[in-house]
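There is one chain below, alone, in structure tokens, taken in the form predicted on its own.
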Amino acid sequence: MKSSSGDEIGMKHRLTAWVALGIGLMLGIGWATAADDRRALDQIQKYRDMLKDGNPADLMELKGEGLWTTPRGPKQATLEQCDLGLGPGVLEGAYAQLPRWFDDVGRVLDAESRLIHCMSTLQGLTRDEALQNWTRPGSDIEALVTFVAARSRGLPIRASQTHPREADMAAVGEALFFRRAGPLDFSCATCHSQDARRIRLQELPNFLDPASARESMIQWPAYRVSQSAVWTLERRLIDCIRQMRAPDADYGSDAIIALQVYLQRQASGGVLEAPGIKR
């Protein structure tokens, strides 16, 4: 019996040692992984920094400028009289105050939907023509948004708060941000309401923290390295909804615009750097 008891004690000691060793190895792997991830993130940031002096989005900005000044459509007119909220043809600071209320359409519009309105009224293009190939790299609408956004570079985000409907849209956007839906039961807040969260090597902004919200929002529209294309904020939100497996959001829908109103208010005061660079 003594021998058996001794064997049991010995076995327990060996098991304890193996468990301790296993935990130590797992912790070591965890530390190594964290260190590796940090190095990878540092390398990604260095890559972004190198691209800043030659951001591929600069080419989209130039294309957008050409589209802005070139007569097009049945009316053979330019977009130089497009009113983005600060008066016909005024670009400086306009993007920094979008989305906003427009009396002439009785709606809150973002940059995309306002540009579509101008392309329709000034140039005679249909909505489908204005949005032609919007999901493909180098689309006209994304080039125009990039051009318009770049004219607010260096200016602070000042979400418009001059009309009651803008406050309503901000409230709707906040509700949508926290609303769980779809087969995954996800909401925007699932990924974007806590610090130090990421998907693979993509750091996720916490939009409940104004500093984190500003750091993200000042970059849009942005050249996405993983897509080799410039994306506007609206396109990014539509794709986020797709990734959550929720029903597809319509381009320029009130839901997408409401989310932008809320996010812009969260990022108020951030100085625009658009077009930026994202993963």
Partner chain sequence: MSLRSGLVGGLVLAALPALAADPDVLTRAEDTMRRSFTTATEEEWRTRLAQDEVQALCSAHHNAPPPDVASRIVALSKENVRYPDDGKLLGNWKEGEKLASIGTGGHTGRIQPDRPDTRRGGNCYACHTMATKEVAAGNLGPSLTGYGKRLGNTPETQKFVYEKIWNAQAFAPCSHMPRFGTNGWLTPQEIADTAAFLLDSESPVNR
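Being a predicted model, the structure only gives us computed values, none of them experimental. Residue numbers count along the first chain shown, from 1.
In what follows, reference is made to the form predicted in complex with its partner chain, a form of this protein that is not presented.
Residue 75, heavy atom within 4.5 angstroms of its partner chain in the model of the complex: Taking the distances in the model of the complex, the answer for residue 75 is no, it never comes within 4.5 Å of its partner chain.
Residue 242, heavy atom within 4.5 angstroms of its partner chain in the model of the complex: Close contact exists here: in the model of the complex, residue 242 approaches its partner chain to within 4.5 Å, heavy atoms only.
Partner proximity in the model of the complex: residue 92 to its partner chain, non-hydrogen atom cutoff 4.5 Å: No, residue 92 sits far enough from its partner chain in the model of the complex that none of its heavy atoms falls within 4.5 Å.
Contact flag, residue 271 vs its partner chain in the model of the complex, heavy atom cut 4.5 Å: Contact with its partner chain, no.
The single option of 155, 86, 204, 131 touching its partner chain in the model of the complex, heavy atom within 4.5 Å: Among 155, 86, 204, 131, a heavy atom within 4.5 Å of its partner chain in the model of the complex occurs only for 204.
Its partner chain: the contacting residue among 176, 109, 143, 79 in the model of the complex [heavy atom, 4.5 Å]: Only one option qualifies, and that one is 176.
Residue stretch of 147 to 155, 93 to 101, 178 to 186, 114 to 122 approaching its partner chain in the model of the complex, non-hydrogen atom distance within 4.5 Å: So the stretch in question is 178 to 186.
Partner contacts for 250 to 272, taking its partner chain in the model of the complex and a 4.5 Å heavy atom cut-off: If the 4.5 Å heavy-atom criterion is applied to its partner chain in the model of the complex, 250 to 272 yields 250, 253, 254, 255.
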